[in-house]
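The form predicted alone is given below as one chain in structure tokens.
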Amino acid sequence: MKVFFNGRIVNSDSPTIKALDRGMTFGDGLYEVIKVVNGKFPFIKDHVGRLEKSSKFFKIKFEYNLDKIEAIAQELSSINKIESGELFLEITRGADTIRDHIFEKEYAPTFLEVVQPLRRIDANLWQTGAKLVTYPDMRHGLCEHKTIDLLPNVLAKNYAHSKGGYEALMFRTKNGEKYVTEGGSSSYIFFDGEKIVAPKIDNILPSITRSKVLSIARSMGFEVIERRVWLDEVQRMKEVMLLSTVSKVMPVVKIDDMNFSFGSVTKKLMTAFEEMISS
């Protein structure tokens, strides 16, 4: 498979990452995952905009614009013969002269672009619904940025997988009460029987898919409330939806020992979102 790395298209197994790249030594970098649908890249402007915004926040040089990134993605899609899959972007602060926590004043950022086949997901999950497993959110205080510091996310997803789940439903604790944050690589929204309820953006990622689905829900006439969602109230929700670039809108039918219906609201949002990304 061919990838784009620091200005060149190379084989994915080429030895190109420097040993002291800060992405490797400190997790000092950012990433994005974008859907590839029939050779197109839905919401790429939103994803690149978020990447650029976070790069400015962390003061990482961002040397590629939207047009360049999309042109590279189209070339990789053609070379690798991938019409439907995933576009992965990663930027790091580049390689240090010597490993040091302090940023070097002069550096060349590392930029990676990959178009790969869609990861394997059981297609039946969109028909039967997914199972979630609750797991404590052990991440840092910068979750509104898509950093490559993903070990807590990896642990959460693997724990859920070991328990037969598709994804983790992570939670934090405040004053002894647990509240929902997000998943290892997903967001969640709920239907309480009257309105759509979404965990507020409070040290969680402002998910692109989440924003699009909530916009669809509002256009359909649903009231949308963004607030803290307490874990002990989740069992009273009528429908639960998992959202992500890869999972799109996926029904959730079980969280630990709590059961939920794959209801009409979920079906409507699934259909409308499919139409949006295919248009």
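All residue numbers refer to positions in the sequence shown, first residue = 1. Model, not experiment: these values are computed from the prediction.
Missing here is the form predicted in complex with a further copy of the same chain; even so, the following discussion is about that form.
Item to check | in the model of the complex, segment of 126-134, 109-117, 70-78, 187-195 with a heavy atom within 4.5 Å of a further copy of the same chain | outcome: Among the candidates, contact is made by 109-117.
Checklist entry - Among the candidate residues 253, 33, 216, 225, which is the single one with a non-hydrogen atom no more than 4.5 Å from a further copy of the same chain in the model of the complex? => result By the 4.5 Å heavy-atom cutoff, the listed residue in contact is 33.
Next on the checklist: Is residue 43 near a further copy of the same chain? Define near as a heavy atom within 4.5 Å, in the model of the complex.
Outcome noted: The answer is no: residue 43 has no heavy atom within 4.5 Å of a further copy of the same chain.
Checklist entry - With the cut-off set at 4.5 Å between non-hydrogen atoms, does residue 144 touch a further copy of the same chain in the model of the complex? => result No, no contact at 4.5 Å.
Checklist entry - Quick one: does residue 150 come within 4.5 Å of a further copy of the same chain in the model of the complex, counting heavy atoms only? => result It does: once a further copy of the same chain is placed as it appears in the model of the complex, residue 150 has a heavy atom within 4.5 Å of it.
Item to check | Exercise: residue 62 in contact with a further copy of the same chain in the model of the complex, heavy atom 4.5 Å | outcome: Although a further copy of the same chain is absent here, residue 62 would stay clear of it in the model of the complex, with no heavy atoms inside 4.5 Å.
Checklist entry - Can you name the residues of 12-28 that have a heavy atom within 4.5 Å of a further copy of the same chain in the model of the complex? => result In sequence order, 12, 13, 14, 15, 16, 17, 18, 19, 20, 21, 22, 23, 24, 25, 26, 27, 28 come within 4.5 Å of the partner.
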